[in-house]
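Presented as structure tokens, the chain that follows is alone, the form predicted on its own.
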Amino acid sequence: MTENKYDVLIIGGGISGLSALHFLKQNDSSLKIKLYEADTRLGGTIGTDNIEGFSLDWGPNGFLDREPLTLELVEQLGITDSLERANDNVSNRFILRAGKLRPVPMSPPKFMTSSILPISGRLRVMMEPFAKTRPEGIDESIYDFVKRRIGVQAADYLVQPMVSGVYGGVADRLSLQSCFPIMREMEDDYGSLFKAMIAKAKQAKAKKKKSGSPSGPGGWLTSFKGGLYSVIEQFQKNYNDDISCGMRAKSITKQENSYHVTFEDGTEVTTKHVILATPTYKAADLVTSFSTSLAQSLNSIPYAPISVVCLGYKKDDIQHKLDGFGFLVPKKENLKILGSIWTSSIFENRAPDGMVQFRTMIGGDGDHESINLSDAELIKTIEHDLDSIVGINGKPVLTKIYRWAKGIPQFKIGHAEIMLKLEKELKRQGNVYLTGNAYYGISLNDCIKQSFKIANQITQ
């Protein structure tokens, strides 16, 4: 069989691999590049189904528009006109406490008069400027950080649900340094989160930008008309000749000045640079032949299972007004679901007229069993929990389940040490690169930034 030779080979056709392909082409159009994807489709966890007038996202449903690089990428792809910003309902977020949805207050005065925490918890939060400093030399968990600075009740009812909603994780297992480095920097630079928020709010006001708030980081939730998969379709349209799907890599061996890659169908490829844009456990299988150290570090990054369940209902069958982004469920509320996004309340055309769409998450690192429930059991569980919160009088008119057995990478305590080992070994090997959501951040923005960095390393 004829051996193919490339300057750069990309393995993995999710947002990270596709972004790397794009930035490499932008930097140097003369490079001979090929992207191979094992599946018959591109996108990884990004996908959109259109069923009976409902638009259903498989995994992520948007990104925050605070990252200029992502917006530049969209413009370069030629789909800026397809961007869709979530409407103002996105600012109305809820947390379940004592069985009732409580609005997340957006300012200190509203926080002090809200019912999101009992008065003792609210007073403890206001004592944040007097909190103890972080012990030296430790990789502090998110939970311990929050408990130390604003108290146990805030940790249990404000931060733990946010962590499960973003990471599908458990706050006392995840590293603050790796998950939310900005929060650690705020404490180090200002000595207080309150002081840091005030300073950053002034900076944002001067620049006329949206700063972070108690409901989440700065930026506005943004997607594409019809669903997030539009960006993947545009990548394929622009670079179809450089992409091969249904091509599963089998092994990688290192040669003197190149890498030799074999595929399950017998195809063989030689390349100077290889970018692994796959989940860590798949990358580990590919690199083990030339670096057991790299494989071991990759395999030490765990994943949490997650199921995304989309349910469509008649609007008249829902008692709650659904006038917001959705809600998160603290662990102490003893429900199975992690939270639910009211997709049809924040984006246009996500449900037919007179209908609503719930996008509910279940599983995470604190619940590895839910992924094994049957479809009927999963739907029944979610119907029960949703009914207890928003009041449902009828049955869903549409159900769709997306299961991800290894859904979300977990940046647990010690993740920074794993990354140092990976970086050291990658430097020693040379010309092999890792990109994806398991390294420096799990968001779409993080993946694009990492791929941009790699493209620059290769072409400069």
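In this text, residue numbers run from 1 along the sequence as written. Everything quoted here is computed from the prediction, not taken from an experiment.
There is another form of the same protein, the form predicted together with a small molecule; it is not shown, and what comes next is about it.
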**Study point:** Candidate site 56, 71 and 227: all three near the small molecule in the predicted complex by heavy atom within 4.5 Å
**Key:** no
Revision key, fill the gap. Within 4.5 Å of the small molecule in the predicted complex, heavy atom basis, the matching stretch of 101 to 109, 133 to 141, 76 to 84, 241 to 249 is 241 to 249
Exercise for review: Check whether residue 163 has any heavy atom within 4.5 Å of a heavy atom of the small molecule in the predicted complex, and answer yes or no.
Suggested key: no
Check your understanding: residue 45 near the small molecule in the predicted complex, any heavy atom under 4.5 Å?
Key -> yes
Review point. Can any non-hydrogen atom of residue 434 be found within 4.5 angstroms of the small molecule in the predicted complex?
Key: no
Check your understanding: Is there a heavy atom of residue 417 no more than 4.5 Å from a heavy atom of the small molecule in the predicted complex?
Key -> no
Check your understanding: Within 4.5 Å of the small molecule in the predicted complex, heavy atoms considered, which of 328, 176, 308, 346?
Key -> 308
Check your understanding: 340, 278, 271, 370: which sits within 4.5 Å of the small molecule in the predicted complex by any heavy atom?
Key -> 278
